[in-house]
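As a starting point, one isolated chain is supplied in structure tokens, in the form predicted alone.
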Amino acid sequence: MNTELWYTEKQTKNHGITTKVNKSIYHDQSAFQTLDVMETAEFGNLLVLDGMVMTTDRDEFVYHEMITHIAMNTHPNPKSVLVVGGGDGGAIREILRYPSVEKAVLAEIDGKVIEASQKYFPKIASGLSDPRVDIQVADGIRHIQENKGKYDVILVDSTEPVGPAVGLFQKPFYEGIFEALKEDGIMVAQTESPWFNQELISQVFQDISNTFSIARLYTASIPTYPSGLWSFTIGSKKYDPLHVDESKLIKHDTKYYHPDMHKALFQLPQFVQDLLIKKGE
């Protein structure tokens, strides 16, 4: 008998994504969530937290490049950078491509995510051993509250808005980020699927717009994330990603992002653009 193993993530109560699994290679229960790593036939190793796909070997570069390079290439001199969440280390890896970076802090609440990523996703977690990196197994919300005016760039690399990540999608958190940034700081948050999380995107964009003088939303194609279309929201005190000098953008050996697409990323499909209309207008 030839038995096949498949994993299905139920992305909504009516929709899921399924991929063939060669074997399960790790399972654990932390104080915060269930962790699983599976070897898949299509996407290599797959990290799952509480039943939700977080990253895979094959398509991780899209998410990690897109949450990182727009802000890092918009700020003219990012020296101090914070990643809230992101225990897999992918955002840290991309941050370290910038020679201006003197310190990159990772504030990840679940140390088991860091450990599993270092063991099973070494290419993603490769930057975590860099001497410029300060790994803090800590609550990102508390870290924000305790570090005023410290960072040039803050990236919110969170899981979906359930469990320990709920507070990372609320206005008080964005206001805390504003205070933790320097006077010309920039933040980026992953803000879910324009197909399945429309109310969340609208609310988050309104909250960030009401907190920062500049707010923009952009999208990327990530095949293992719900619907395959993913959004990111940027809030900036001073620098507008649409007004950067393209001749000064730093080009890296990336697979998805490149400077020529920097401004084009903000040209959105109409149904996504409609989500950004402020309530009451």
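Just so we're clear, the structure is a prediction, and the values are computed from it rather than from any experiment. The numbering used is simple: start at 1 and walk along the sequence shown.
What follows is about the form predicted together with another copy of the chain, which we do not show.
- From the list 210-218, 57-65, 25-33, 231-239, the contact stretch for another copy of the chain in the predicted complex under a 4.5 Å heavy atom rule is 57-65.
- Taking the partner from elsewhere, residue 196 is found to have a heavy atom lying within 4.5 Å of another copy of the chain in the predicted complex.
- Taking the partner from the other structure, another copy of the chain in the predicted complex has a heavy atom within 4.5 Å of a heavy atom of residue 223.
- Contact check for residue 248: no non-hydrogen atom falls within 4.5 Å of another copy of the chain in the predicted complex.
- A residue is said to contact a partner when one of its heavy atoms sits within 4.5 Å of a partner heavy atom; residue 255 meets this definition for another copy of the chain in the predicted complex.
- Counting a residue when any of its non-hydrogen atoms is within 4.5 Å of another copy of the chain in the predicted complex, the hits in 16-31 run 16, 17, 18, 19, 20.
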